[in-house]
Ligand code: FAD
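The chain that follows stands alone, in the form predicted on its own, written as structure tokens.
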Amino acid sequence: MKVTDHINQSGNKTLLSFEILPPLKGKGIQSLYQHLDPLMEFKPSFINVTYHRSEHTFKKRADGRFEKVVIRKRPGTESICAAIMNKYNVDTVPHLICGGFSVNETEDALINLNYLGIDNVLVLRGDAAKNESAFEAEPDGHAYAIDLLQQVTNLNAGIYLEEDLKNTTRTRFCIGVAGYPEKHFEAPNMESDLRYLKAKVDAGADYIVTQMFFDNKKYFAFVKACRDMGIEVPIIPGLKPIYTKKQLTTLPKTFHIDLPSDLSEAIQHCKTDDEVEKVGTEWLLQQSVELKKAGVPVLHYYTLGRPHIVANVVKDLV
């Protein structure tokens, strides 16, 4: 079932969704089930599964020369989505990224997802590789999310990379894209960032899910700016718990977001990470209560590593 169908059939009720990471290579899927088990009692409408680009490393050969080796630390997004659907009978949303993938690899992934009965994808450019100062596309890959989005919409229209294919099957993906209430860090200003976002919606994006934020005023302002720009698709807020003091510096640096002064001051007064978790849990709960009261279509939680915090918040919310 498509994300937009869930929203349209909700009767204006605020739905729930969760986002997870694939297990690290070498780890079994049981750890992922243990992560999801405490969350499934809340009957989420869908589960997002992130995709991770390949990375390059150099290994020294016996003859002294170095060999470039491609590795992927968290493979398996497609199969994980299928496993989650099979175990929990819930819809999944695999992420698709530009970085580290050729257009042919992307088409193969989309074909596999279609075979598996997966109706949704979240289209992202993705981050730069760890050894790159800025994002670099594969020589035969997409440089921008809108190009990747166009490939998905082409398949939805039955247009494959091999132009001579006849009587092709059309896919039916519901396409999500990312939005940034505090502006994408590479955009020169918010207005240009919104224009890029509108271009993606005009090209076929069905809904938007936001980068995490900790000040609801920024989400509401972002939604208003989108509506003023003529963007009418659902805008899903993305939420994340804070649970360590270290995140006061890592979150703004990594995700280019601000933390409200009330939140940062409360965390700075904490003596242990257990105290930080209590502050972060309460902050997330209050964010969720206000957003739900405002009638947001979905509360989307980035559960990465801390499902119990999200479970505690949702338990008090519902």
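Residue numbers here begin at 1 and follow the sequence given. The structure presented is a predicted model; accordingly, all values stated were derived computationally and were not measured.
Beyond what is shown, the protein has a form predicted together with this ligand; the following relates to that form.
For the marked spot (W283, V314 and D316), a heavy atom within 4.5 Å of this ligand in the model of the complex is absent from each of the three residues. Taking the partner from elsewhere, Y51 is found to have a heavy atom lying within 4.5 Å of this ligand in the model of the complex. Interface membership of Y180, defined by any non-hydrogen atom within 4.5 Å of this ligand in the model of the complex, is confirmed. Proximity of A187 to this ligand in the model of the complex: non-hydrogen atoms within 4.5 Å are present. Taking the partner from elsewhere, T210 is found to have a heavy atom lying within 4.5 Å of this ligand in the model of the complex. A145 is the sole member of A205, A145, V152, I80 with a non-hydrogen atom lying within 4.5 angstroms of this ligand in the model of the complex. A heavy atom within 4.5 Å of this ligand in the model of the complex is found for exactly one of I97, L113, I175, I84: I97. The stretch from 213 to 221, 164 to 172, 192 to 200, 104 to 112 that comes within 4.5 Å of this ligand in the model of the complex, counting heavy atoms only, is 192 to 200. Using a 4.5 Å cut-off on any heavy atom, the residues of 104 to 124 that reach this ligand in the model of the complex are, in sequence order, L122, V123, L124.
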